[in-house]
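We begin with a single chain expressed as structure tokens, specifically the form predicted on its own.
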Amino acid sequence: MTTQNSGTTGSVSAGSVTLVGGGPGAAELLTVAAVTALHQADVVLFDRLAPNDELALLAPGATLVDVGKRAGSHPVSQAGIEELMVEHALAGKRVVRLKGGDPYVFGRGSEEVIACHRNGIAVTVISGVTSAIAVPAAAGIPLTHRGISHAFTVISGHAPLTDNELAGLTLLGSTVVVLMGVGTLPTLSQGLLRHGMPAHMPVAIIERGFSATQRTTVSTLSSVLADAATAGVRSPAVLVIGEVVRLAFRGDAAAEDLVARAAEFAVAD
């Protein structure tokens, strides 16, 4: 049995680092702990998808540094981000590393924690609302629903999946949520079809979740490539693959339709 104690060993710098999950991009979805950390920060290193429009108000005493990565453009490398965190913390600053979503869900948060520990820097992780759940909800899509899906799997679409991974997703029969998946949509959709996922399986692509230009494109696994091209789908986007897409709720005007669709899947209590 292994017993772990929180905190770091050895000497600790006077500064500190707090990894803050910023949620899916809407400032109102920041946690109380996140808002407090930002308010107390001396330096904020923020990502592109973090809620940064109101950072000057949320972190009034901080130096704001944009370290966001974009597709094909990484002005500050991951190693460079970690060096900045360490440099400011060793100078006695309270550093907030503001990330989109949750630091530990495809956010490289563990790498940044290790960098802090390696340099004797006190580090705290504040969980964020993950876009894997929040963005589908903003589009009215539940990831689970009794009688339809009792599980969901979150995967990164940053790189193509292996045949074993594709086969596993098909066999699970649960909802699949893909983050950063627009670029690999061709290999993902064709791979799932190749491994036996039904061609009529519903697929939703939710672009720019929680922004004024949020848009949802609904298709099927066999048609999603053509429909995505016609719609001009672009990152950032969250993909949802599964029968729950049929339950997408679009407001009160669609309530009657939603009830009718839900009834198709109804099961006895």
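These numbers were taken from a predicted model, which means no experiment stands behind them. Residue numbers here begin at 1 and follow the sequence given.
What follows is about the form predicted together with ligand SAH, which we do not show.
- A residue is said to contact a partner when one of its heavy atoms sits within 4.5 Å of a partner heavy atom; residue 82 fails this definition for ligand SAH in the model of the complex, lying far away.
- Although the partner is absent here, residue 106 sits close enough that one of its heavy atoms falls within 4.5 Å of ligand SAH in the model of the complex.
- At least one heavy atom of residue 180 is located within 4.5 Å of ligand SAH in the model of the complex.
- Remark: residue 112 does not count among the residues lining ligand SAH in the model of the complex, judged by a heavy atom distance of 4.5 Å or less.
- Of the candidate stretches 58-66, 205-213, 28-36, 224-232, only 205-213 has residues with heavy atoms within 4.5 Å of ligand SAH in the model of the complex.
- Counting a residue when any of its non-hydrogen atoms is within 4.5 Å of ligand SAH in the model of the complex, the one hit in 39-63 is 49.
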